[in-house]
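Just one chain is shown here, as structure tokens, and it is the form predicted on its own.
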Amino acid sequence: MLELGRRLGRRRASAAAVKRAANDRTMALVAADPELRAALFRLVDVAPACRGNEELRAHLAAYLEGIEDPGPLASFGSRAIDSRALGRASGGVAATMVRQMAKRFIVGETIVDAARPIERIWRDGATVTVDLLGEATVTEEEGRAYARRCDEALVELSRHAAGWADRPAVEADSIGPIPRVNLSVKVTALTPLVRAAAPERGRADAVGRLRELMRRAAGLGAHLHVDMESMDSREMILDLVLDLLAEPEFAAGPSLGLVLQAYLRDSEEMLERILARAAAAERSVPLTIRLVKGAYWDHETIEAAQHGWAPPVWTDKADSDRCFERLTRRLLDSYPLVRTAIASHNLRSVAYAAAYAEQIGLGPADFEIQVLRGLGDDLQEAVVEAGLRCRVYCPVGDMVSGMAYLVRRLLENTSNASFLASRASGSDLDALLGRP
């Protein structure tokens, strides 16, 4: 495992990798100043609403001015904005930086825009799952519009994918074919009625739309992956998906997946429920389970504190990492009942999964590694070179709908506890590959 981890962790010398490394070092410098980091995140959040570079410059100036104890970078930024030579240009520079950040993480505004970058990923030996950006809906029309966007995306992606070159390494495993088209769907975007206190209302509103998307995916031979979000909606989403999978209509397809969040304390119990339901459904197409650490830690801990509850998430990162490894073993042991997708940028997590899969006799195509576009690009290249199947999570949408996603990814990239920040700061690779 250690040798594979070291091999995956070696930086490539490509021009793109060098540029990414420089960007990562810049982000690490920003992360070292918490107040500057918060100010820049506020700027990213407000950027889509600004009506021009001058308005963006004014916001940046105000955010920097609000820093009580500015460090060297924040002080330099404030002086540059106030200077006669650089002040007028600072708004344009800020706008360019925000656009570059968005371009790093978001593959295109529409499926048509995204088609070429997605095909490039395919040519490079990896495959993708597409996520249509947009947070929870608040009106019925927004829910219907999101369902239409998903339907159109399945059709458009299938049209483009038909012309891609053959890639046997990512198109099949020991069970059978793996769809070229893979779309991630949020149930909370299909309906505005998701409420923890009344789950049946949200379920009743979403079930018809999700059923129609499953029919479309089955007809096109595509994969539909249902994202899991906060605890407020988890039980409803899980029961909705597993009940649909049990319907006779879907016994032969489509290929469908769920997300399992290792940072939740009850995730192992949740996995056993999923495996039992998957076995009872007796489908000819296995369920795919994407294993993630989880992206709503702050939300879950703050909400629990407000209500006086015990937090549903592990509060120690090492506990979450250990749980991730236990779930990895259980999932890989369950093949071919389920297909496993390890979604992580942590080299130990990836190397651990690959080593355990080999130990129990699975082939390199019998599981996959998933990374986020913009955060896992180096790992994507290394995983493909190692002969493993890699899938890139590719968001598609405009800046307004993608802003919440973008800020979450920036928070993940600059978190002091993140593997990526540790690598950017030059931490010893063997130490990072150590047992959690």
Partner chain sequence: MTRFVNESVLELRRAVERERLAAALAELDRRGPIEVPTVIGGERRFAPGFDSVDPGDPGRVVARANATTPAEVATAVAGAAAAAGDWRATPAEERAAILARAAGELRRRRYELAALAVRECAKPWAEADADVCEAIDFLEYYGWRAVELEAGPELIQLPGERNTLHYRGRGVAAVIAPWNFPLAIPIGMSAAALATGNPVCLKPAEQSPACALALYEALEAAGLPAGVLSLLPGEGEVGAELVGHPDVQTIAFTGSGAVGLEIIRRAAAVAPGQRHLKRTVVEMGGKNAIIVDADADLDDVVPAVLASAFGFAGQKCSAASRLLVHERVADHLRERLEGALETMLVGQAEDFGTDVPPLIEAASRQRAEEIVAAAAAGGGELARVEAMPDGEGFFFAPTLVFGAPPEARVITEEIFGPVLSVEPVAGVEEACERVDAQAHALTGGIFTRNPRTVAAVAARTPVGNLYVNRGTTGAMVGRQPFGGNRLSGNGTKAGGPDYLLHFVDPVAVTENTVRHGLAP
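As the structure is a prediction and not an experimental result, all values here were calculated from the model. Residue numbers count along the first chain shown, from 1.
One more form of this protein exists, namely the form predicted together with its partner chain; it is left out here, but the text below deals with it.
Among heavy atoms of P199, some come within 4.5 Å of its partner chain in the predicted bound form. Although the partner is absent here, D113 sits far enough away that none of its heavy atoms falls within 4.5 Å of its partner chain in the predicted bound form.
Using a 4.5 angstroms limit between non-hydrogen atoms, P312 touches its partner chain in the predicted bound form. Within 4.5 Å of some heavy atom of its partner chain in the predicted bound form lies at least one heavy atom of D45. Contact with its partner chain in the predicted bound form, defined as any heavy atom within 4.5 Å, is confined among 209-217, 243-251, 185-193, 326-334 to 185-193.
Taken together, R51, E142 and E300 are fully in contact with its partner chain in the predicted bound form: each brings a heavy atom within 4.5 Å. Between the options A61, V371, A39, L410, the residue in contact with its partner chain in the predicted bound form by a heavy atom within 4.5 angstroms is A61.
Exactly one listed residue, out of D131, D227, D366, D232, brings a non-hydrogen atom to within 4.5 Å of its partner chain in the predicted bound form: D232.
In the predicted bound form, no residue of 336-356 lies within 4.5 Å of its partner chain by any heavy atom.
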